[in-house]
Ligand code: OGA
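The form predicted on its own is given below as one chain in structure tokens.
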Amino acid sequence: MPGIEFANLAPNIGAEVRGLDLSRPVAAAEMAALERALADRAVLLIRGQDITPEQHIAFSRQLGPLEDHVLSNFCLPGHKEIFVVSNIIENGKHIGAFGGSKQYHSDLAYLDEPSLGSVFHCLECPEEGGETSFVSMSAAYAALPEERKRWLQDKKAVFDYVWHYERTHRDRPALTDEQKAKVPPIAHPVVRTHPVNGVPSLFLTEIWIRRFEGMDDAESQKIVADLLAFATGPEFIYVHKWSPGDILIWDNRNSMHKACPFDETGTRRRMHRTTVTGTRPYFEAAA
């Protein structure tokens, strides 16, 4: 049996993993337990990890192939698999991506194959603020009325990155035709089945969904807003207060997350992130 233990962090989401040292390879039985716990709890916390970038990458690869981030200028020098998230400025330049999305989302949901999840390692963090908030989309779906579940199971949502960008990032350079061609609108099921445990989850986001197929934008976005208002109720949320050495693994297939504000000019925050590639979302009705 795996020599690790799990303790729930919140009623419907999150588990702390105890007895795991990521500076060494993780045994197959332990990885199987981690993957099942990730599917069931969506977010895993491993505290007190003092690991090198090489060890971070090696562990992440045990979860699956890793993505190279498009913003290569914010990748850790010599380690293209590690994306640096930080407000720190050195030699007049940001060492990592800063700001962070303050709206709930799952990573790269607007692609044909959204990412499976991420492994986030905290190196520095402020004493106040800068938390990360997570939502269990499987628990939220389970709590919906049966009639609403049946209605959603037949629906697909159109995720449209260009539409979102042009509405909300008017202060940024316009997307080129080449950039737009890389992110065409994509339809995904509104309810997706988790490939590990078969549990259905809502697959929605505040930011990229333009409409449901067969419906107009305005009507669709009202329904999405109502569903997300329900899903982001306190009973479905875990807010993580970071400490150096914390590692969080989150599952994009059954959760959303967002960054919480902090003093980005007077404090320091530095995180290393790897991203595990995913597969196309699907819905499979229970037999």
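Numbers for residues come from their place in the sequence shown, where the first is 1. None of these values were measured; they are calculated from a predicted model.
Unshown form predicted together with this ligand; subsequent notes refer to it.
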| Thinking of Val85, Ser101 and Arg273 as one candidate spot, does this ligand come within 4.5 Å of a heavy atom in every one of them in the model of the complex? | yes
| task | Choose one stretch from 158-166, 73-81, 176-184, 103-111: the one whose residues place a heavy atom within 4.5 angstroms of this ligand in the model of the complex. | result | 103-111
| field | Position in contact with this ligand when the complex is considered in the model of the complex, options Ala259, Val26, Ala39, Ile57, heavy atoms within 4.5 Å | value | Ala259
| query | Pick from Asp217, Glu206, Glu131, Glu124: which residue has any heavy atom within 4.5 angstroms of this ligand in the model of the complex? | reply | Glu131
| said: Even though the partner isn't displayed, in the model of the complex is Phe212 close enough to this ligand, meaning a heavy atom within 4.5 Å? | reply: no
| Taking this ligand in the model of the complex, which residues along 203-228 bring a heavy atom to within 4.5 Å of it? | none
